[in-house]
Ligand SMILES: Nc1ncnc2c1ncn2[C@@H]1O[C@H](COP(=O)(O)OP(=O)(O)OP(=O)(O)O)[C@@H](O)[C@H]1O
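One chain comes next, on its own, written out as structure tokens in the form predicted on its own.
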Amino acid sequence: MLVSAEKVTKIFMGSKVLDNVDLQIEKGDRIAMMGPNGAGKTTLVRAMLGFYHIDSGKISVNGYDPVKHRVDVLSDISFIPQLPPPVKLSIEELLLYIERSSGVAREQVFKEAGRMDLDIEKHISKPFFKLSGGMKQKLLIAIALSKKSGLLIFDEPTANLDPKGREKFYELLTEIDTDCSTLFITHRLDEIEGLVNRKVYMDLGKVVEDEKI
């Protein structure tokens, strides 16, 4: 089992954001996770990544506790957030950090970015936060795909992409290894229907639907 969440509860400000959630992700699962804003989708993902402590229940990723063994958990996951982080590093510094922390060669990042029509070398000395929203997203996608992780998690990954960028992104995803698992938090099932084999729907902090498609 790649990811196992059992009876997971998370409370923020007196409200149950996650309410007794059960979810399992196995190798090769391609999941579309949907639901209204505030349903708990992003909170669940962040708990899987060890960003949040849960109040009750249990989460394991590759057999590891995401909070106690966060480095081990993150070593095999690539996560693209909906809003790019406010990184102050230049692109050069960011790539150096990625190389040292994840062992991802910058040449591979250049290659993946180029396939999305982003010329990184042209912007290498710019601070990341000064790139446009679309350029930031393309660079984060290129880094994620270059890492060759066992689990790719995308939180509304195409929100900042223009139609051509979305098309290129989905094209790249068709080439992902079949053993790799993907989890898309999305409101656009029609765009990724051909890329997923399972649909999970959350509402009010609960998984209310989980089916193969």
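The first residue of the shown sequence is 1; numbering continues from there. In this text, all values refer to a predicted model and were calculated from it rather than measured experimentally.
Here the subject shifts to the form predicted together with the named molecule, a form of this protein not shown in this document.
- If you check the named molecule in the predicted complex, you find a heavy atom from every one of 12, 38 and 187 within 4.5 Å.
- Not displayed here, the named molecule is kept clear of residue 200 by more than 4.5 Å at the level of heavy atoms in the predicted complex.
- For residue 82, a non-hydrogen atom is located within 4.5 Å of the named molecule in the predicted complex, even though that partner is not displayed.
- Of the heavy atoms in residue 62, none are within 4.5 Å of the named molecule in the predicted complex.
- When the named molecule is considered in the predicted complex, residue 156 lines it closely, a heavy atom lying within 4.5 Å.
- Only one of 54 to 62, 30 to 38, 146 to 154, 173 to 181 lies within 4.5 Å of the named molecule in the predicted complex by heavy atoms, and it is 30 to 38.
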